Every structure is written in structure tokens, then in C-alpha cells.
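Presented as C-alpha cells, the chain that follows is alone, the form predicted alone.
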């Protein structure tokens, strides 16, 4: 009942937003729906897990973790959204608010899906719901970014569909007496799957869902989409959408490991992870666009997650902890970057420098958020990245560990040049935008401040329920055959 409510309530909110005539009042629908959703998620997590083994929708440890991240990020973002649209009461927000709530419902379904067909539909629904948010500014850059996002993600999801078909054929060719794409059934029958067809299926599924996740070299839609989307949409896509796509990849990894093909999964994830770190390190250096810089930072962190899961053991635990830290820190960064973008009318470093002189809160949060997302102590991302490093060196992958540190160092140095210039550089004599400048508001500052506070808290204290949830989720990826 609770799980059904988690899916239906955002859809009812979306219907109300579509019907509501007032542009001024419509954004106020978001916080009630978001916080009701968060309260129900906390209730689901607190309740003991009951598995039927044949359900289409059910939450295990991985699903609960991702759903908690998505719901928490959306709840804080809903407050930011109210402040965002309050500054522009003349903007049409019907499509944007409606799509936000549908987006939440689709991510909820993806987190709870126990059937690969339903998971595929939910992931595709997130693409459809988020595309209008990228096009919100209605200019030639945003429409180009939207079409690129739709094209790449649709091709990726089509490849994932082929992967699902190959996986079904692996069961048929392997001699299984029954056929189903239900996850529990596949995990139970994994040793019987045809190994050649399973390997082909894994490659297609990894490429398909990896495109949505933004692993390099499948990431090419990210800089344009994140660069042109409003900061609010960028926060939800970089923190929520990528977490859902990562969960889809983990579902496939569970099946492959259950079939005794862990080496294949680990090598592929490790290769994509290292490629992502390399691409991020190259393109983040001297990056002049602050939102594109954050997009490449997202590519970096998807690589970190892939490497953590590939190494296994303690590194997997660190990767799952990093899902939450990255989502919260990246959400704060995109919101504060959005404030800077709106005031200056530009995302370029040379046109937004010295932001602290006119936007003291947003510029400070942008600077502190950079420290948080790059794994600086005492933030939670430092602990999660350090845990991954402990797992890497503890498992004897010393060269990998040194490469990991080297890439993170280059990315930190590359981002620092842009961030410090924007936040603390010499102020501009005149803002380049001809439009009226929009200053900081209470809610547009509160959102990123709360998210940074949570990341800081996780650096000092990990609540016991969250620790148990992370342990439970990590154990699901250590499938014994």
C-alpha cells in the first residue's frame, strides 16, 4: 500500500498542476507532495522488508537506498523551486511543474521495479519527463541540448531493450524450464543461463543503461543537457536520474554475478570507470562554462561508482555511500550555479567572476559545494571516496589506486581554477545581461544550504539505520554462485 502511494501521489500532484490555472500558486504544489513522499519513503525504510520473490514492485536494500536519495533530493529541490518561480511570476511553469512530479513518480517506479521490462519502461519514462525541463528556456541552445539528450538516451534505451531480449533468450537457450524477466527468478535461475548469450546481453544492457547514467564514452549528451537545463533540473538529473540509471546497471550486475560471470562485469565496469575519470580530467581543465564543468564532474563521479562496484567488497560499500554524497553535493552545486546564472545572465567564467560581491550566499555555497563534491574533508564525499580507496588498496589493486588518486587530483585542480575565479575573482564592472538582475532569495539559498549541511553531517556522523541500509545494499552485490 505504501509503495503504491509513493507512485500515485506524485501523479495526482502532476494532474493537479496540469489543471491549476494560477502560475503563481502552481509551484506550491511541489513541497507538500515532495515531503509526503519523503515521509512515506522513511516509513517504508523503517518497516521490516518482506519479500514475496515474485512481485513486480518491491523494495530491497538497493532500491530503498536509491529511493531515499531521490526523495530527499526532490524534497529539498521543491523548496528551491518555489523560490525559483517566485522570482519570475510571469514565467509559464505548467509543463515544468507537471513534468517534475511525473519525473518523481517514474524514478520511484524504477527504484522499486523487480521486473526488467518494468524497469526499462520506468527508465524511459524518466527520459520523456525530463526532456521538457531541459527545453525550459526555449532558445536554440536548449532545443539542441534537448534533442541531443533524447537522441542519445533513446538509442541507449533501445540497446537496453535488445539486451533484455538477449537475456530472455539466454534463459531459453540455457534450458530453463520457465521463462520470466522477474529479477528474483533471474537471480535464482542465473547459473542455468546460456553464458554466450548472457555476455552479449550484459554488454547491450551496460551500454544502454550506461548511456543514461553518463559513463564515458557514452556521456556526450551530458554537457549540453546539464549546461542548458535550469539549475533545478540539473540538480535532479545529476543527483536523481543518474542514481536511478546506476541502479539499473546494478540490477544487471546482480544477474551476471549470479551466473558466475563476475569477472566480465568487473572488467567492463572498471574500463568504463577509468575512461570516465580520464575524460572528466581532460575536459574539466580550463573549462569556462560552470554548468558544463559540473556535467564533467558528474561523469567523473559515475566513473567512481563504477570502479567501486568493480573492485567489490569494501569499495562497493563506499560506492553506495558515494551515491548519496554525490547526489546531495551535486544538487547543491547546480542550485547555487543556477542562482549565479540567473543573476549574471551567463554561465561563462569570465562573465560571472567575483560573484561573492553581489551574491554572497550563492557564491559561498558554490565554493563550499566544490570542496564537498571533490571529496575534501570533512564532507561525506571524503569518507565515501576514502572507503573506495581503502577497498582498492586492500584488494591489492595498487596501480589502480594510484591512477584513481591522480585523476581526482587533476580534476580538483581543474575545477578549482573555474570555481575560485567565479566565486572570488575580481568583480565585473557591469553584468553582461540586459535583463533585470535576479538576486538571492531565502528559498533559493535554503535549498543548496540544506543539501550541503547534510553532506557535512554525513562526514561526521552516519546514522545507524543508514549504515544498515548501506550494508544490506552492498551485500546484494556480493552474489555467491
Partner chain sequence: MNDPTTTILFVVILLNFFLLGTSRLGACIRVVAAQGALLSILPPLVHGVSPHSLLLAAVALALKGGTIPWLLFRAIRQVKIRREMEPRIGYIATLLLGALTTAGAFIFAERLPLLPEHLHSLFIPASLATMAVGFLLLITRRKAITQVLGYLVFENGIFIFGILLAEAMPLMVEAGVLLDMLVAIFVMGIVMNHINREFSSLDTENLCLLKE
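Computed from a predicted structure; not experimentally measured. Numbering follows the first chain given and starts at 1.
Unshown form predicted together with the partner chain; subsequent notes refer to it.
Look at 76-84, 397-405, 322-330, 285-293: in the model of the complex, residues with non-hydrogen atoms within 4.5 angstroms of the partner chain sit in 285-293. Out of the listed residues 370, 317, 166, 344, 166 is the one that sits within 4.5 Å of the partner chain in the model of the complex by at least one heavy atom.
Exactly one listed residue, out of 393, 278, 382, 197, brings a non-hydrogen atom to within 4.5 Å of the partner chain in the model of the complex: 197.
By the criterion of a heavy atom within 4.5 Å, residue 184 is excluded from the residues contacting the partner chain in the model of the complex.
Taking the partner from the other structure, the partner chain in the model of the complex has no heavy atom within 4.5 Å of any heavy atom of residue 192. Taking the partner from elsewhere, residue 147 is found to have a heavy atom lying within 4.5 Å of the partner chain in the model of the complex. Mapping the unseen interface onto this chain, residue 266 falls outside it, with no heavy atom inside 4.5 Å of the partner chain in the model of the complex. Residues 140, 141, 143, 144, 145, 146, 147, 148, 150, 151, 154, 155, 158 are the members of 140-158 with a non-hydrogen atom no more than 4.5 angstroms from the partner chain in the model of the complex.
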